[in-house]
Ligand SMILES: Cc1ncc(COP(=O)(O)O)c(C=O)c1O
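Next up: just one chain, as structure tokens, the form predicted on its own.
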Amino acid sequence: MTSTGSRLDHLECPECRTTVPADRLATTCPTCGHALFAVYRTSDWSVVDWRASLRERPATLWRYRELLPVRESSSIVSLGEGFSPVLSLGAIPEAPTIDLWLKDDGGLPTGSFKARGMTAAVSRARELGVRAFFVPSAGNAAVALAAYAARAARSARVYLPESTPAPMVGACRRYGATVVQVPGTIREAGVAARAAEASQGAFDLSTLREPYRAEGKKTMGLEIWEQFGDDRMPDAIVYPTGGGTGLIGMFRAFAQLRELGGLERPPRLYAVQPDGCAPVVKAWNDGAARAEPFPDPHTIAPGLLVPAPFSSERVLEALRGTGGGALAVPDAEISRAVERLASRHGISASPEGAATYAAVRPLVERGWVRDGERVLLYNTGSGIPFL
């Protein structure tokens, strides 16, 4: 076997500081039930030498293997994911004085950023002996799990809201996953999934209910750091927020880079949600420590229809810890943003990713981004139907 050189040390709960051995299959904190996160040994490590070595590695997210949780290379389940492009959008009418960029995860395997989390989570779970998986999802995570489970020769069951777009449902089935559709939103799908799976023995890959999807999402921040360089990092990153794991992952990446001496200042992180389902925005505006379930949730962006994100404390921590914020945009503006990204820039964006483009004008009007700043929008998925 070939070691990846992973510096994974243990798991820790940031809420109560309980630690859990990394080589034990884990879900949430056994003490308080909050999310667990991976901790790495970095005190004896040179980020300068590491960054130089990255130039010789394949252009996938596994180039960051020392800061990822898989110990043996043979355990990695990969479809070539990661290292998505960053594209300059130039000046746009809504914000002619800022330097606007977009990172496009729409070309990743399975069509969205969910490939990042699933490659890390499925690989690590496989390394720890897991044979079957399940996940409740609004669509993209289910497609990603179905594909990576097929790649790993493992079984998968996915629980989807009945409103999930048909191409996503069909993709899951073609990858070989068992599909269960549930009335309501991802919240109801999660309740149904955990009730049905209680005695089945499959491993739960729900957002932040296991430690390693967040590690895959962390690579978004590592890529931004490598692609821009410390001296040209964005001043702000605008991110479409459902469960919020991507924000948490980037926040963790920037914190680790600062600890290593590879980053002076993290970008400000801004969460964007549709105004019909904006629990994080409401919690931000209220100064609350966590988000409460959003009443009557609705939006055209299925991946943002998350009325009660698990571990929202960590999402709000990422926003406050970087001096960022949260704002909501109407569905009508999201629809216009989908069209403008396509017609102005040639970019196929999902409604979720396009929400960031819709947020540019209000960010400027509120003074949250300023003249001359470099602002990076994160497109989390393609607008082209799956398969």
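We number the residues from 1 along the sequence you see. All values reported here derive from a predicted model rather than from experimental measurement.
This protein has a second form, the form predicted together with the ligand, left out of what is shown; the following refers to that one.
Q: Only one of P267, G221, P274, G243 has a non-hydrogen atom within 4.5 angstroms of the ligand in the predicted complex; which is it?
A: Exactly one listed residue reaches within 4.5 Å, namely G243.
Q: Only one of 302-310, 94-102, 287-295, 187-195 has heavy atoms within 4.5 Å of the ligand in the predicted complex; I'd like to know which.
A: That would be 302-310.
Q: Although the ligand is absent from this view, report whether A138 comes within 4.5 Å of it in the predicted complex, heavy atoms only.
A: Output for A138 is yes: heavy atoms within 4.5 Å of the ligand.
Q: Closest heavy atom of Y239 to the ligand in the predicted complex, within 4.5 Å or not?
A: Y239: contacts the ligand in the predicted complex.
Q: Determine whether any heavy atom of K114 comes within 4.5 Å of a heavy atom of the ligand in the predicted complex, and answer yes or no.
A: Flag for K114 set to yes.
Q: Let me know which residues along 75-92 have a heavy atom within 4.5 Å of the ligand in the predicted complex, or say none if there are none.
A: None of them.
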